[in-house]
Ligand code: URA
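We begin with a single chain expressed as structure tokens, specifically the form predicted alone.
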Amino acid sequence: MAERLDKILSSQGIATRREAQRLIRSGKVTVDGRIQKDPASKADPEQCEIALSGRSLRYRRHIYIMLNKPAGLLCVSRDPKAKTVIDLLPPDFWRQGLFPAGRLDKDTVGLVLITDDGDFAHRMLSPKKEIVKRYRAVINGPVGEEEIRLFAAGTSLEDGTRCRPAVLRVLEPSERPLVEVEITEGRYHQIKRMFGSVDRKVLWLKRMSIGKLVLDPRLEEGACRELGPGECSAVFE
């Protein structure tokens, strides 16, 4: 679909709209090898070759980024007083409208998806889709068959909210066991509140996967990468 040339450049994080107009008027932008000096001229970025100072533009209508979130960061687009997950992105990934699709608590680590595709985020977060989010947690007390049964039945939170049935597995039994939890909703502090309903406290929490999309084990905390072919659709499998 054809769009204004200045809008195409600004949508890719190359420059602001005004800066893009200045670059175009200065003759630094070509479309299919021809210099284009009119910012209002239109081109189809998926069909044309657009270049800036001789360097071809790698056009992406939307961007999808996997981040291994460390503790201590807010999972929001921006905050005037604190560092957010967006601040971890390298310049090549930056563009207007980026936001984390689904939040994690400040002290929770693991898989976060960052995108500028609102429709993708809406579908991923919709309770109707029943997309499984898988977490690992360390708990402050033993977890046994009773807790597993209560999670499977759907726990009731302190405010009376009834959670959907969840899968609870004990991976490493101990006085501070490592457990795995699968839920299909994303209420505020849900995992912590679910364990609170069975008199347990979460000491550490990490999101491992969303749908069939698993956190890349090669990503160190604070690192990110773009999703590859098929990974976006894996979220909905």
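Numbers follow the displayed sequence, beginning with 1. Just so you know, these numbers come straight off a predicted model, no measurement behind them.
Absent from the display: the form predicted in complex with the named molecule. The rest refers to it.
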None of His189, Lys212, Arg60, Arg176 but one has a heavy atom within 4.5 Å of the named molecule in the predicted bound form; the exception is His189
Here the chain appears without its partner; judged in the predicted bound form, the stretch of 116 to 124, 86 to 94, 152 to 160, 99 to 107 with heavy atoms within 4.5 Å of the named molecule is 99 to 107
Quick one: does Leu205 come within 4.5 Å of the named molecule in the predicted bound form, counting heavy atoms only?
yes
Checked 129 to 147 against the named molecule in the predicted bound form; residues with a heavy atom within 4.5 Å, sequence order, are Tyr135
